[in-house]
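The form predicted alone is given below as one chain in structure tokens.
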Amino acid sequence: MIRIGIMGYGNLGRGVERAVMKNPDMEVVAVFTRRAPETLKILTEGAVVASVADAEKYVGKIDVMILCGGSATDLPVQGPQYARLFNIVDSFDTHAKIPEHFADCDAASREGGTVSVISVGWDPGLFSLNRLYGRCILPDGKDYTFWGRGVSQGHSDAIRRIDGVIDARQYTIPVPEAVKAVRRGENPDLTTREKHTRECFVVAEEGADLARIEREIVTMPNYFADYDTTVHFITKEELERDHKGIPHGGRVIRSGETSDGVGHVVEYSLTLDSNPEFTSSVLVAYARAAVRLAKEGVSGAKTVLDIPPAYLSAETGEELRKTLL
């Protein structure tokens, strides 16, 4: 059995626990929380709920620690911190800062003799793989990624970190005209602003400076500054009534030619009822890969681009060749 530790028990952490239940070769050993452990009720009988301060006591008892914090402030610290102690998997999704996060986790993992699999999910993650496949197969072409319409966990979390914000949901919305042009094989040159808009629904503290909160949102680098962003301030009741779910999805499209006038459009798409539950399922699959790499004596940071697909599966190579090829 692969012994799983879950660092953080929000939407993503709960999703990881559910995903582990779907994988008979895995078990949750411990859940680590910043809350009082005795107040946390988890689904896994026999698993320990412990304080994050006690995580080091579980070295040797956990095969891989899945980090379920946010990319804005949690993972840049937790990644290197825990990579020195455990094999880790995280969902760091601030695209512009992935090289920096990779370098930090790589140095920590090499120091600790562990494996860090970073930026795992559907984007970055599965969409990254599809961009790579498309670029390799159709080198004369362009790739396009459209997200949504759906709730971005990372962007919603970034809004919640703003002083005066109680809760928030952020929807990423593709610009329909841009998607249509790409599907027609027109290969348009699109700016970030021309591909997506962002819509935010925010619950603010009573008496909070709404103008300041809106300004901090729309000017936030790496999240909102490059997009047309609309901010709506609503009540907590409205948020719970109208924005309870966390759906998402999107598509990767590669459009190119193999010879003059011979065009091809390749599209990979996802429609997700629950962004965190699907992301969690990807994290759990890559946790299996992290353990396999560690058993082979590998150390350092890896991304989905570096890991053989077969390492994600509980089936043997023989079984995969028989049933999938």
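All residue numbers refer to positions in the sequence shown, first residue = 1. Just so it is clear, the structure is predicted and the values come from calculations on it, not from any experiment.
Note that the form predicted together with another copy of the chain isn't included here; everything after this is about it.
A.B. asks: Run the contact test on I98, F278 and V304 with a 4.5 Å heavy atom cut-off to another copy of the chain in the predicted bound form and return yes or no.
C.D. replies: So, yes: the whole triplet contacts another copy of the chain.
A.B. asks: Report whether the minimum heavy atom distance between R135 and another copy of the chain in the predicted bound form is within 4.5 Å.
C.D. replies: Yes, contact at 4.5 Å.
A.B. asks: Is G300 close enough to another copy of the chain in the predicted bound form to count, meaning some heavy atom within 4.5 Å?
C.D. replies: Flag for G300 set to no.
A.B. asks: Answer with yes or no whether A285 is in contact with another copy of the chain in the predicted bound form, where contact means some heavy atom within 4.5 Å.
C.D. replies: Yes, A285 sits close enough to another copy of the chain in the predicted bound form that at least one of its heavy atoms falls within 4.5 Å.
A.B. asks: So, G261 and another copy of the chain: in the predicted bound form, are they within 4.5 Å at any heavy atom pair?
C.D. replies: Residue-level check for G261: yes, a contact with another copy of the chain.
A.B. asks: Could you tell me which stretch in 150-158, 76-84, 217-225, 116-124 has residues with non-hydrogen atoms within 4.5 Å of another copy of the chain in the predicted bound form?
C.D. replies: It is the stretch 116-124.
A.B. asks: May I ask you to choose, among T172, S71, T229, N130, the residue with a heavy atom within 4.5 Å of another copy of the chain in the predicted bound form?
C.D. replies: It is N130.
A.B. asks: Where, within 303-325, is there a heavy atom within 4.5 Å of another copy of the chain in the predicted bound form? Residue list please.
C.D. replies: Read in sequence order, the residues that approach another copy of the chain (within 4.5 Å, in the predicted bound form) are T303, V304, L305, D306, I307, P308, P309, A310, L312, S313, L320, R321, K322, T323, L324, L325.
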